[in-house]
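In the form predicted alone, a lone chain appears below as structure tokens.
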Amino acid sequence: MNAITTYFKDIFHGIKTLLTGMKVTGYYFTHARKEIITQQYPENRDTLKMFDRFRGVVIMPHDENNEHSCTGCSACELACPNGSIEIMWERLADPETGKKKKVIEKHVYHHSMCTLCNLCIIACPTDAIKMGQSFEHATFDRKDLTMVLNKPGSKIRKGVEE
């Protein structure tokens, strides 16, 4: 008699947990969001706006004078867990002070190796790099995923110090 009682207790317990799960599912079904969630990509490519926390690709913003905030301190390069950032720099004499100053030649970013972890952005003391909104990076050649972040002829913005 004990085995039969345990058998029916297990059946009723199983039905109870099934109904509990169905209750949660039913709640979300009846209280669904009313706005459209599905994006009609790629038809809406012109109007598509990714949410603010989206991590698409690392970018280095430049102002209208082709100036950036990167001092070449290599903090982002050191923070990157898989080496997707390379900074090539040299020390040149500053024409105003005559002292040698670090100047970046290339700030190379390998998107194919990047895990989009955001550690380089957090490590940057001057906020010179940030995560962009771009997400279309499909390509047939991996070399197309290597980008130089600083624009040709760009220089460091006045007031940004190492």
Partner chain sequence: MIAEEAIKEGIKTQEYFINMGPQHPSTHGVLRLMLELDGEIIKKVIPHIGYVHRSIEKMCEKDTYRQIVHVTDRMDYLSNHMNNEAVCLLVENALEIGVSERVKVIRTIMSELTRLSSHQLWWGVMGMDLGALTSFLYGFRDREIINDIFEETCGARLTMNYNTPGGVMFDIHPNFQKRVKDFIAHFKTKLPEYDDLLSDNVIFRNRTEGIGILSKEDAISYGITGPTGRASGFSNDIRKHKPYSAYDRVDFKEILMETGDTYSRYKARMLEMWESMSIIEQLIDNIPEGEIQSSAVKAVIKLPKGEFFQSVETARGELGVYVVSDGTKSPYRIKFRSPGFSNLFVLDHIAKGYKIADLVAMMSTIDIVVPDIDR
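Numbering follows the first chain given and starts at 1. Take the two forms, superpose them, and find the largest set of C-alpha atoms that agree within 1.5 Å; that set is the rigid core. Being a predicted model, the structure only gives us computed values, none of them experimental.
The form predicted in complex with its partner chain is left out here; the points below concern that form.
Taking Val108, Val57, Val103, Leu119 one by one, only a single residue has any non-hydrogen atom within 4.5 Å of its partner chain in the model of the complex, and it is Leu119.
Though its partner chain is absent from this view, in the model of the complex it lies within 4.5 Å of a heavy atom of just one residue from Asn44, Thr30, Ser134, Thr115, which is Thr115.
In the model of the complex, Leu18 approaches its partner chain with a heavy atom inside 4.5 Å. In the model of the complex, its partner chain stays beyond 4.5 Å of every heavy atom belonging to Ile87. Although the partner is absent here, Val24 is a contact residue: one of its heavy atoms lies within 4.5 angstroms of its partner chain in the model of the complex. When contacts are judged by a 4.5 Å heavy atom cut-off, Arg53 counts as touching its partner chain in the model of the complex. Superposition on the rigid core between the shown form and the other one places the CA atom of Lys143 less than 2 Å from its counterpart. With the core superposed, Pro152 shows a C-alpha displacement below 2 Å between the shown form and the other one. Relative to the superposed rigid core, Ser134 undergoes a CA displacement smaller than 2 Å between the shown form and the other one.
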